[in-house]
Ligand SMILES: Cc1cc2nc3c(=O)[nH]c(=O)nc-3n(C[C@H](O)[C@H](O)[C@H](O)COP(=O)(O)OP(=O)(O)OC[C@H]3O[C@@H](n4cnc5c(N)ncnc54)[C@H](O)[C@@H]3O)c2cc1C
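Here you get one chain, nothing else, as structure tokens; it is the form predicted alone.
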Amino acid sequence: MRRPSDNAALAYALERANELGLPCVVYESLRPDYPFASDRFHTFVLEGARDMATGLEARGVTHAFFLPKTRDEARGMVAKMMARAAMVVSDDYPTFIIAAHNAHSAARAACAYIVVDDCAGVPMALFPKEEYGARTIRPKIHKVKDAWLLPLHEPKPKIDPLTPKRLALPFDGVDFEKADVAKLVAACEIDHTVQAVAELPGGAVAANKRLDAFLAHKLTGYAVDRNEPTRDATSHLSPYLHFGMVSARRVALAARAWADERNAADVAEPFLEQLLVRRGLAYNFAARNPRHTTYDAIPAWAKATLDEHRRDPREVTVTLAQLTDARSPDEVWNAAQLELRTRGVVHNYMRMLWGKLPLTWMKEPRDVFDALVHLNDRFALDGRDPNTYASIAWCFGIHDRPWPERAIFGKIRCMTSRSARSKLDLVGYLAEARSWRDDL
């Protein structure tokens, strides 16, 4: 997790280091060869690392950040660092490259390799089977959440931190007091066409500012306004939660404290439902379904009904390139894609429509699923995440039920831009989308 405090993995590492009489070293790296590596993700992570360095220094913890510019430069560094360690502590994260990295590294480590389950607010390990939906996991989360949503004990290091020179690092670490993040990013062999999002700076400081602003100005109207894209009623915390720059625990505790001060638990509950139950369901899906990033994850009934309607006539066909460039035949879908490309996020309600409509333009539902995952992973600051993979899979029937049968969708829940226009005030959203296209 990329935060210098309220970090269970770091707290555990500090406790074990104190017991062993050794310094605790936080090692971070950002390789240039992860899938869809770009200016957008590199900038967000490096901005977060700057906060990490400052915060760890204040706590007396050594921080070492390795930024390889090329794939060749990146090879073998984790093994070199592990060879010097008495124990390695990492985060238990169930998707993207992290789970495979942990498994690969643990198999090769000469010391104990510990992963800490602290991503979802309530540990994933408490739910060993894949849950059918929110209604099955909700009572289980509510039963245990009070035991886990507690302030984290923050151990103090007993051993003085090592300087990079004394640590004898096998690389030149980034000095974030002097570093120019934009220049660091420009020097890396990554996709420079997917640009950083200036309005979403990375880091724990920015995450906590957004949390404070949400509680002060938006939580009161969240339940009513969250589905309206022009009312800006959501927390905008998803990128920060994804990268671990703020914990679900801290967000939940802060929302509870806000509600307790105002005797307004009912006001905070819709937000906590999304944060703990729906997000917890997504983490359960990623942790228990090894196919969660693929079309094969969706239920048998959903595959069957979509297959039955593969040959239903489509008025137009659309390619992945046209979807990428927001050149579909639907203005509302294009607006959501433009938001994703330029802002790195999609409004919660619009994301559902964004995931549904391409079924009406592509004959093969598997191709639609793959296209959505591609767009999500390439552009979304909160992508490559259990939440976004579950959101895509929901559009194909996961965590849902069969609905009355319709053309193309079969028994999958149908959503159309026409129905969205009837429910939502999209005039301002569509107008803003025109400016997003200008930014491409």
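Computed from a prediction, not measured in an experiment: that's the story for all the values here. The first residue of the shown sequence is 1; numbering continues from there.
Although not depicted, the form predicted together with the ligand is the subject of the following passage.
Looking at T220, you'd find every heavy atom of it more than 4.5 angstroms from the ligand in the model of the complex.
Contact annotation for G355: at least one heavy atom lies within 4.5 Å of the ligand in the model of the complex. Put simply, R279 is close to the ligand in the model of the complex: some heavy atom of it is within 4.5 Å.
Among heavy atoms of G48, none comes within 4.5 Å of the ligand in the model of the complex. Each of N376, G383 and S391 comes within 4.5 Å of the ligand in the model of the complex, counting any heavy atom. Contact with the ligand in the model of the complex, defined as a heavy atom within 4.5 Å, holds for exactly one of A268, I190, L237, I137, namely L237. R351 is the sole member of H292, R341, R351, R250 with a non-hydrogen atom within 4.5 Å of the ligand in the model of the complex. Segments offered: 229-237, 252-260, 125-133, 321-329. Contacting the ligand in the model of the complex at heavy atom distances within 4.5 Å is 229-237.
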